[in-house]
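The chain below stands alone and is given as structure tokens, in the form predicted on its own.
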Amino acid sequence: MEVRILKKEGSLVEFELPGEDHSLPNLIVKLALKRPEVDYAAYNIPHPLVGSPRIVVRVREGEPLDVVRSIVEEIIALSREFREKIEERLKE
């Protein structure tokens, strides 16, 4: 997966996920908005046929890339938990 950092200024980071659809950006934004240190989070896809998702995260405090890293770690943990639950059900 490719990630392009488009802008990093103070409390804001904007990055692009070439080749992705709505699934991952939507998850990142939803998890970001649950965090108290996040002031703003959103994504858009400039053109539905050829555009790549662009995600913007602005924080009230801390480093925005650290918050994004933490969100990615949360996604990994949620994915592992989901896989474990599915595997448990398949054994029944």
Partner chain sequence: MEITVLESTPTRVRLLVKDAPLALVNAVRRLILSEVPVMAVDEVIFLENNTAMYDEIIAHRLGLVPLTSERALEKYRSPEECAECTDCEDCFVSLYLDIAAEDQPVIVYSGDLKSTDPDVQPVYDNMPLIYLAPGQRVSLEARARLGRGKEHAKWSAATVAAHKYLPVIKFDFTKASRETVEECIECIEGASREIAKKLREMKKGEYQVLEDVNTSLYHYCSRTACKDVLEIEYRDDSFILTIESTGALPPKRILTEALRILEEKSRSLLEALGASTGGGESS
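Positions refer to the first chain, counted from 1. Only a predicted model underlies this, so the values are computations on that prediction, with no experimental measurement involved.
One more form of this protein should be noted, the form predicted in complex with the partner chain, which is absent from this view; the next part is about it.
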Fill in: Triple contact flag Leu17, Glu20 and Val68 to the partner chain in the model of the complex, non-hydrogen atom at 4.5 angstroms
yes
Fill in: is_contact(Ser52, the partner chain) in the model of the complex, heavy atom dist at most 4.5 Å
no
Worksheet item: Wondering, does Leu31 line up within 4.5 Å of the partner chain in the model of the complex on heavy atoms?
Response: yes
Item to complete: Using the partner position in the model of the complex, report whether Leu12 sits within 4.5 Å of the partner chain, counting heavy atoms only.
Response: no
Worksheet item: Could you tell me if Val56 has a non-hydrogen atom within 4.5 Å of the partner chain in the model of the complex?
Response: no
Fill in: Heavy atom within 4.5 Å of the partner chain in the model of the complex - qualifying residues of 63-85
Leu65, Val68, Arg69, Val72, Glu73, Ile75, Ile76, Leu78, Ser79, Arg80, Glu81, Phe82, Arg83, Lys85
